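Presented below, as structure tokens, is a lone chain in the form predicted alone.
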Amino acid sequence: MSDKAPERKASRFPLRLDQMVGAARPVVSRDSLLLRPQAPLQAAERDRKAVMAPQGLGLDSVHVRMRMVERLKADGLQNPRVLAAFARVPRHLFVDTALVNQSYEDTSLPIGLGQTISKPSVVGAMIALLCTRPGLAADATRPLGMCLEIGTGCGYQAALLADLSRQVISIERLRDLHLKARHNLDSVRRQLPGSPDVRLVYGDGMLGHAPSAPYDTIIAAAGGRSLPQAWLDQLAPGGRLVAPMDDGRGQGQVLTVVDRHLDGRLQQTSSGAVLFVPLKSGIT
């Protein structure tokens, strides 16, 4: 019989204390031992800010407006000041919520009461015509001078005009649209501090606005069979009027340009076919 004790198989688990000597120990930082009860709240706040941070892709992004500007330029609108106004004024603030995704397309959109916000290309062409009036000084910083707008609508064109004028007087005969335009322009002023002056008038646009006359520029967003005499009377020497008018042959409307020369003469020309809502008198 052997006097040797039977060999015992080494135990693998659990390890004895002496078996742990020399084993690699994990490096534990002091900070990881601290309790951080606010960590989940801080992480949630970081996530919230990341979601709210402007990404430059929404309708409020200047890049969206610049794509519209580039299309207008490619289609022939070349006046740099007019293009700059389109780049500055956010059209989506003037469009009803249901149609806001079409804000920067070159299309007219309904704004209620049978009225529309005009196509940017048409608005741009009309304003560009005003910016080339014969009486304009070559170095004018506000090329539209004192401007009268007939038909405020939702206020978008008024905002563009204001970017190029000393002051805009804008008349609207539909009270609900007059109030809507006031609300829209207030929203723009909050986004664009220091925006030029726009004075909104609730009244009959066919009468113009004699208290602030004469006007260097007059623009109308509705067309009739003839130009109201009040508009012509309120146009300053060296001034220009741009308005749609029936072509006289029953074939639609044409864009009509009237210049008052320094000697008082009126000269009328036409500049292409357009389609605008009818010009009406009175208020409602």
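Counting begins at 1, following the sequence as shown. It should be emphasised that the depicted structure is a prediction, and the values quoted were computed from it without experimental measurement.
The discussion below concerns the form predicted in complex with a small molecule, not included here.
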query: Heavy atom within 4.5 Å of the small molecule in the predicted bound form: which of Pro143, Pro90, Gly124, Gly205?
result: Gly205
query: Looking at Ala213, Leu177, Leu77, Ala85, which is the one with a non-hydrogen atom within 4.5 Å of the small molecule in the predicted bound form?
result: Leu177
query: Does at least one non-hydrogen atom of Ile117 fall within 4.5 angstroms of the small molecule in the predicted bound form?
result: yes
message: Against the small molecule in the predicted bound form, would Ile150 count as a contact residue? Criterion: heavy atoms within 4.5 Å.
response: yes
message: Since only the chain is shown here, I'm wondering whether Ala230 would be in contact with the small molecule in the predicted bound form (any heavy atom pair within 4.5 Å).
response: no
query: Is there any non-hydrogen atom of Leu241 lying within 4.5 Å of the small molecule in the predicted bound form?
result: no
message: Can you tell me which of 233-241, 66-74, 251-259, 220-228 lies within 4.5 Å of the small molecule in the predicted bound form, counting heavy atoms only?
response: 220-228
query: Within 4.5 Å of the small molecule in the predicted bound form: all of Gln167, Val188 and Leu200, by heavy atom?
result: no
